[in-house]
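A single chain comes next, written as structure tokens; it is the form predicted on its own.
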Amino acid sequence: MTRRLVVLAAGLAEPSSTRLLADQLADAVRAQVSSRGEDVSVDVLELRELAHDLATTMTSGGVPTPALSRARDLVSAADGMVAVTPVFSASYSGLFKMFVDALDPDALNGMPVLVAATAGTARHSLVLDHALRPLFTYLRAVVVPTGVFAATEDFGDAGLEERIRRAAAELAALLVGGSGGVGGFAPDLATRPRRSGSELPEPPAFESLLRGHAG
């Protein structure tokens, strides 16, 4: 069975250390899933490429552009996510938050998510726990225990590579493993369906539109 992994990379430059970390995490998750005898497909969303779509959506009453609709569909259909943002003003970037704000509130229900961040200095390492982890917990995602923070000097360091392997192994275990429980005897109140927000509502019945009109 092939699992679907979506990677959010919110770096603004090209090339960017954020995209570099996102690729390293995706490769590590792929290796960990493969070691369990399973396969995973990876889709990377460069949020920089959606900057205009996000601004248009935010200033047009929330109507998503076709590109943003495709991105939202990709997210809600995934089995797991890696979310990587650069640190701006001691928190996630505005572009990263704009994309999260554009998701349907039910888009990440029960989805395992690995959070990661990059910054120029290690002083911002707590951003994982005071900003990213609460954000995804609010969205009812399942955040893996190990987050990955990388300051500029961390790239190429064995400590960062070890954190990447550990976090990837935790995400892979959630992607591949099941609950192991027996279901079907009662409604699963803990499970809520995921929605991309792009689905069109059912149109009202024609008779109901004419109700109350005599002629």
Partner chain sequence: MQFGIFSVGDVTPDPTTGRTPTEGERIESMTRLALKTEEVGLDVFATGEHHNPPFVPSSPTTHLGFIAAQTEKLLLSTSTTLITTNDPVKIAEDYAMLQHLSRGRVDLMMGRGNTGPVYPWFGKDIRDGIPLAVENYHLLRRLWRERVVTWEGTYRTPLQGFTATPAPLDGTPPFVWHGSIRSPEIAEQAAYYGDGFFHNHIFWNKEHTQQMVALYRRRFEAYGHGAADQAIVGLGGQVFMADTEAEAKRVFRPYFDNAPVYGHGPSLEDFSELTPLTVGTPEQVIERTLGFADYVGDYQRQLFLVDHAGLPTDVVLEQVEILGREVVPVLREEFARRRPAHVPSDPPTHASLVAAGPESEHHLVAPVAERAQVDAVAGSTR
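Positions refer to the first chain, counted from 1. Bear in mind that the values here come from a model prediction, so they are computed numbers and not experimental data.
One more form of this protein, predicted in complex with the partner chain, exists but is not displayed; see below.
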Checklist entry - Is Ser198 close enough to touch the partner chain in the model of the complex, meaning at least one heavy atom pair within 4.5 Å? => result yes
Next on the checklist: Since only the chain is shown here, I'm wondering whether Thr65 would be in contact with the partner chain in the model of the complex (any heavy atom pair within 4.5 Å).
Outcome noted: yes
Item to check | Contact label in the model of the complex: Pro204 to the partner chain, heavy atom within 4.5 Å | outcome: yes
Next on the checklist: Can you tell me if Thr146 lies within 4.5 angstroms of the partner chain in the model of the complex, counting non-hydrogen atoms only?
Outcome noted: no
Next on the checklist: Under a 4.5 angstroms heavy atom criterion, identify the one residue in Ser35, Ser41, Thr152, Ser60 near the partner chain in the model of the complex.
Outcome noted: Ser60
Checklist entry - Quick one: which of 169 to 177, 24 to 32, 52 to 60, 154 to 162 gets within 4.5 Å of the partner chain in the model of the complex, going by heavy atoms? => result 52 to 60
